[in-house]
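Next comes just one chain, in structure tokens: the form predicted on its own.
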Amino acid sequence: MITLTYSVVLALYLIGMLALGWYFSKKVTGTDEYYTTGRSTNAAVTGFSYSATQMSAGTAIGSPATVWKLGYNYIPVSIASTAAPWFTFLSIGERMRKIAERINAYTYGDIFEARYGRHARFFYAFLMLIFYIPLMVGQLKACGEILKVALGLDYLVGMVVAGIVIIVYTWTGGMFAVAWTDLVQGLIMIVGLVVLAFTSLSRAGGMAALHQNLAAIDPRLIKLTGLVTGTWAVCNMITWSVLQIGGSAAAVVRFIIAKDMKTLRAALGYSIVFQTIIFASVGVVGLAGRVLLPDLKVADSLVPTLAANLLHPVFGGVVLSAVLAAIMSTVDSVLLLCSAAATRDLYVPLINPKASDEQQLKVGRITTVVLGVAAILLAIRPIDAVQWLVAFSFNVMAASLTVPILCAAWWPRATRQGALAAMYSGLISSLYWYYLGWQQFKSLSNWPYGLWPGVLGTAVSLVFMLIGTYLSAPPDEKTKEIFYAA
């Protein structure tokens, strides 16, 4: 009975995503609509799409599992993740929206070329394709594993079905479909995780009893740094707040699709509310889960196990849909961003500079399908390297892109030589820090002095941005006027 109900709820969810893709396909008449919705999205769609893109299997499955292991030690991470929209919207949101409109930018690659030159654009595209395609593979693998556990489906069947649905609605509706499905997926995530959080907390006896029981299991669970170091906590907060600027390119590109500045400002409110609800919910689920299931063998099975044991099958199906929504809202955005990188940042400048808008749209849609199918094929038998590549992709991109993006928004003196030095130094230093962590700990999640690669790499990137900039001539006045005029 449970499996049948889950299957019905999940089928309705997937059909709904396909229907949205088909509906919005009618609005796509060119590359502007395909990649930016013609800059027409409202505040709710913009805010939800930004946040839903950030949330993946790591949020719906990994975060509750980590809270189950660490207890209150995870609170700084939740606070940082909830505050991320403040840092990104307020630091670069309005500036990038204004710049994108002035130069008719569809991607951050367009902005990078206008500010730092073609070499910077190619480097940006390289990062997107190298580090985001494996991320899609990891997320599709998570889809297959979740459907296998929840529905008893063969891993391959579940993964391929989810992958095809994502490809179809992204291919047909482009950013329209991606952004609007993100809104729907975000609402499903809220319903599913809030219901699970309240039910779990009630079964655990409420907050007072929950606190006492956690302390009885392990007193370190009710301390902010009982099981982690202070350095770990600080690096975690910096990474999941400030470094979202460079590490979540698929999310921050939402700044250029809003209808206008007023819409973008209102979107911040929707994003903050959405992320506050989600991260509060996953925190409660993780804490209550530690009390209710203290002997759980695999922490990542916490959410589906609680849903199956505590909820009516209909709500259990909603929770399952919420998990898939978190995954799919990331994959569709990454897929479209990679399509834009391959088409706008590589195909047009390198192969066909005179491509018409119709040709670019055709190539963009073909590229979307090709990249999506490639991710599915790689997810059939994902290599071990994919798992850690997904884990460190955020840190590497954050180290490479955060400083150049901030400088493009705010620093007229920054030069292309400085930006390229920042990009390469951030990439190399973060990768080298991973190497040192492996050499010392035989692990890709522990590093010397507890310093995270993204934090270290960003600091190195900033130093090289300053050196490269002050050793080269200032940008021309035309560039300054485009990027920094009021």
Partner chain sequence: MGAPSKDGKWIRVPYLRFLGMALFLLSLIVANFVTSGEGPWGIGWNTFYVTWLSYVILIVTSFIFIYRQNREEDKRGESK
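Numbering follows the first chain given and starts at 1. Keep in mind that what you see is a predicted model, and the values were worked out from it rather than measured.
Only in words, not in the display: the form predicted together with the partner chain, which the text now covers.
At 4.5 Å between heavy atoms, only one of the stretches 335-343, 295-303, 95-103, 128-136 reaches the partner chain in the model of the complex; which one is it?
Partner-contacting stretch among the options: 95-103.
Quick one: does Thr367 come within 4.5 Å of the partner chain in the model of the complex, counting heavy atoms only?
No, Thr367 sits far enough from the partner chain in the model of the complex that none of its heavy atoms falls within 4.5 Å.
Phe279, heavy atom within 4.5 angstroms of the partner chain in the model of the complex
The answer is yes: Phe279 has a heavy atom within 4.5 Å of the partner chain.
Give a yes or no for Thr172: in the model of the complex, does one of its heavy atoms lie within 4.5 Å of a heavy atom belonging to the partner chain?
Thr172 lies outside the contact set for the partner chain.
May I ask you to check whether Arg381 falls inside a 4.5 Å heavy atom distance of the partner chain in the model of the complex?
Heavy-atom contact with the partner chain at 4.5 Å: absent for Arg381.
Which listed residue (Gly316, Gly289, Pro76, Gly158) meets the criterion of a heavy atom within 4.5 Å of the partner chain in the model of the complex?
Exactly one listed residue reaches within 4.5 Å, namely Pro76.
Using heavy atoms only and a 4.5 Å cut-off, determine which of Val195, Val242, Leu361, Val165 is in contact with the partner chain in the model of the complex.
Looking at the other structure, the residue within range turns out to be Val242.
Would you check whether the partner chain, in the model of the complex, lies within 4.5 angstroms of a non-hydrogen atom from each of His312, Tyr424 and Asn446?
No, the whole trio is out of contact, none within 4.5 Å by any heavy atom.
Enumerate the residues of 407-429 that have a non-hydrogen atom within 4.5 Å of the partner chain in the model of the complex, in sequence order, or give none.
Counting only heavy atoms within 4.5 Å of the partner chain in the model of the complex, the contacting residues of 407-429 are Ala409, Trp410, Trp411, Pro412.
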